[in-house]
Structures are given as C-alpha cells and as structure tokens.
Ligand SMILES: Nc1ncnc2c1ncn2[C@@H]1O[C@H](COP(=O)(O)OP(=O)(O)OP(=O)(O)O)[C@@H](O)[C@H]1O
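Below you will find one chain, with nothing else, as structure tokens; this is the form predicted on its own, and questions on how it binds or moves follow later.
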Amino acid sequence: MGSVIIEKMTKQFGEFTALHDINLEIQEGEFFALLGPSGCGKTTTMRCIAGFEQPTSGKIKIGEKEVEKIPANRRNCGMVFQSYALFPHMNVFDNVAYSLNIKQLNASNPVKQLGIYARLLSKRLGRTPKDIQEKVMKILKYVELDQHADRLTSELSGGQQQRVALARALVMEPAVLLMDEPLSNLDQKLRHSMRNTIRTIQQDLGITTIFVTHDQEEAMSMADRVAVMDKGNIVQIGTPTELYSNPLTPFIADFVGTSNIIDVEIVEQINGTIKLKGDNFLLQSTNTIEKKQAKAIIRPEHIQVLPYDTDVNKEEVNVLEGIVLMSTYLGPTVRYDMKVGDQEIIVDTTYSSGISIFEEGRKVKLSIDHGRVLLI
C-alpha cells in the first residue's frame, strides 16, 4: 500500500518552526505535488516523509504503518534528488544496481557479504547475480537507457542523468516515489520533455509519487492534486483547475499563474450582481462575497482588448478605458501592461499573423465578463 497520511506534523529547528501542524492525505497511485516558494517548507515535508528529518510532533503513515520512528532505509521510499547524486566513477548499470547490492548486503551473512563487497569494488572480483542483472536491465529499458548501460554517468546528458536517478529509485520497487525538484537543472525544452516522461512512467507503474517544486507550470501539468505551501503552512489543496479557477487567497492567485489583484470596495448588490469601486473605475461581478472591502482577482487572459471606438454593451460585460503602457510580443501571445484609472493591470491576448499590436500610449477599451471577476 502506497498511501501517505500526515497528521498534525510540526517541525522545529531550534526556535524556528519550519512546519506548522501539517495535515495531508495522499491516495495510493496519486501524483501529488508540493508547490511553493523557497523556504515555504515543502522540502522539509518531503524529508520528514523520507526519514531524513524527524518531526518534532505529529504522525506519518505509509500504507497502514506509522513510520516517523522508522529509519529512512526501512521506509520503502525511493528518492530522486535535485542534484541526482549519481556516482561519477560508475557506469549506468552499476549506479542503478548499487541500491540492490546494498539491500542484499544488509540481508546477507558475513560470508556472502565478502562476495558482495568484492563485486562492489570490481567486476573482476565478483559477478553480479543474474536476478540483479535482469532487474536492472528491465528498468533501464523502461527509461530507454539500456543501450547506455556501460557508459559512465559523467558522459551522459542532463536528461539522461535524470533518468538514471529515476531508474535507481524505481528499481527498488518502492511504495512511494519522492522527487525533490529533479528538473531544476535542465533547460526549458528538456524540462518539458522530462515532465512527460515522468508522468507517463508514473501512470504506467501506478506508483504513489510526491513531487516537490517551486515551478507552478510543473505542478499544474503533472500532478493529480497540488498542495500550495507558504511559510510552513498548507494554504490550499486541490486539482490544478481548482487552484487556478478558485484560489482561496491572493497569495495563491498570484503564485499559481498570473493574476491582477485589485483592491475594491463593495458599493451595492442587486439581483446577484455586485458593483465594485476600484481606483477611479467601476467593476461588476456575479461572484458573491460578504465583505465591504475585498480583492478582485482577474486573470490576464480573461480580459479582451478592443480599439477605443468599439461599441460594447456595458450591461453584458465590464467595459473599462485603458492606456497601453507596454506591449510584449511572446510568440503565441501578446502581453500588455495597461493603466486603468490609477491601477496597472496585465492583459494577455492571443496573437495571430496579420493582427496589429496596440502601440504604447494607445487608448483602448477592455472588456471583462462579470463572471470572470473573482472576489476574495
């Protein structure tokens, strides 16, 4: 069983509290991401699960077993580190086989241990057992590295090294796979490719996976569910679409994607529509809230930019007047920095060949559907 349950876990380093009363329930076979900025506690949470850190208080269960007092090497967790932690003097095969050799070493009597030590020192002194050979080659074929079994890891590309680290963790058939920002050392194109590779392998094996990252795109594209962390707390857990569409706090709205976060005053509520006052402009929203002061959350892609002379029905959508401060061409999209009243906002529009980009200083109209104005 590969489920993971954390109950009221706190971790202190001296007088500093790194984790505050963490509660998590991760299902067997789930791809779960811990997402947050540096220093939020996500890696500390993973290290507590792995057994590299001891919680100050609280419980950790893997399957039906409480593991907080069990050493790391007996928790049946596979770990892929940010730095990969490969042995540069060993070839790919020996890196992946190493953990199997150590497992066999710990379970053997002194006589058999001598033979294992011998083959760890040199293949000339001892032969790798057939069961280990078959197991290693099977997993190397799975990660498409069987043709590179005899190459030193120092001769491999970053993506290949990452797959060696993944194979080394998977060959132990762990109940839970833990991955600590494993893609941070790769370039953007390779990161995208490896995201697909990791997700495909995880789905094929059905292994419970906990993935730590500060990159919201990684978390959103790979995970079944995501826990957003901030200052040692879990602030929201949900699917990627839930976090993006319904953030509970301005921090989540800003961290998960890009948002315009606008301070507004509730003017009145009429027939399910709320009238809002910003800095020298008015908005309407169909999202209810029981406050006098609130934050209006508007995603940049939910704003349409129109020529200033466009006639728009103000009863159906919010229509704001804006001035283009800057336009940035990003290939498939154009990002505009706009001034609306005394507020600066960001607008993302889809770019098509032949469509002109609004120049800086141009007066425009901005159309925003009432339902796209989320209130927090």
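Because the structure is predicted, anything quoted here is derived from the model rather than measured. From 1 onward, residues are counted along the sequence shown.
The discussion below concerns the form predicted in complex with the ligand, not included here.
Not displayed here, the ligand is kept clear of G51 by more than 4.5 Å at the level of heavy atoms in the predicted complex.
The closest non-hydrogen atom of G41 lies within 4.5 Å of the ligand in the predicted complex. Although the partner is absent here, D94 sits far enough away that none of its heavy atoms falls within 4.5 Å of the ligand in the predicted complex. None of the heavy atoms of E218 is located within 4.5 Å of the ligand in the predicted complex.
Every residue of the trio P37, E181 and H214 has some heavy atom no more than 4.5 Å from the ligand in the predicted complex.
The stretch that touches the ligand in the predicted complex, counting heavy atoms within 4.5 Å, is 41-49, out of 335-343, 319-327, 41-49, 64-72. Within 4.5 angstroms of the ligand in the predicted complex, the stretch 11-26 places a non-hydrogen atom from each of F13, F16, A18, taken in sequence order.
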